[in-house]
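Just the one chain here, laid out as structure tokens, in the form predicted alone.
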């Protein structure tokens, strides 16, 4: 039986606050327009700290909070879609930074669903029995990916990192994971290969059919807002229903729901369709924005700091994002 227990949490938020009013100085928008459509008032931007720095700070906080010696960490899993390097893996940089000298390390990229997939992966390593303590960190620096001449995506995303140390629990965990690769072009950021000096390469790569790319926006995040919204509402609803069906639990058996913080309207629509008690759904969008895979572990760290994560609680985590991917986990702490 798979089961996980969170024994430590941590987070890192950059110092700079980018408010809606600040965005309105160079975008055709204003605070009311952004907030009414997204539920976001401000987001943090990492002006001069790379992704691995944020990840390492969140990871150090989680390890310290867990009371675990870094040498006792057996595996480091990092979730990110905005790494500083193609290689080495972000997880290897974190392993070094926290002093987890005995740990294996690898990365997971499923965008906003990254923490869900990493937690599911961790539970399977813990069940194997060879791994006792696993550090999961999700970190995203999305500001460099955004096109700040286009309000479609730039108003949504922020930077930050969240982490958790998990160990095996004798209480069960259930998961549901999904992907719809045929919708890949709804949300993507293409790797720029144009700087190669290999004389045999074409100046531009052939793109898959259906890609919504343009020469002017080859290097920035591209999003079909309507397609993502429609997918996200259905994905959140489906993932929660599927994981509850697998667990045999009902809506009211869950003590706390932590959804991916993509957009307040997406969360509100799914909460309504599922009939979730609003007081059980944690939302921190107003001051954080969408930090992709870091949203859920950041929320966990905030809740833990508030004393709202207690032993015996049954918690549902649900994520959805580029890929298009989605997933949900139910576990008892």
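Everything numeric in this text was worked out from a predicted model, so none of it was measured. Positions refer to the first chain, counted from 1.
Same protein, other form: the form predicted in complex with a small molecule, not shown, and the subject of what follows.
- Judged against the small molecule in the predicted complex with a 4.5 angstroms heavy atom cut-off, the residues 86, 142 and 188 are out of contact without exception.
- Only one of 223-231, 243-251, 159-167, 74-82 places residue heavy atoms within 4.5 angstroms of the small molecule in the predicted complex, namely 223-231.
- For the chain shown alone, residue 29 is a contact residue for the small molecule in the predicted complex, at least one non-hydrogen atom being within 4.5 angstroms.
- The small molecule in the predicted complex comes within 4.5 Å of no heavy atom belonging to residue 41.
- For the chain shown alone, residue 112 is a contact residue for the small molecule in the predicted complex, at least one non-hydrogen atom being within 4.5 angstroms.
- The small molecule in the predicted complex is approached by residue 266, whose closest heavy atom lies within 4.5 angstroms of it.
- Interface residue among 258, 118, 262, 239, judged by heavy atoms within 4.5 Å of the small molecule in the predicted complex: 262.
- Comment: the small molecule is not present in this chain, but in the predicted complex one of 178, 152, 193, 102 has a heavy atom within 4.5 Å of it, namely 152.
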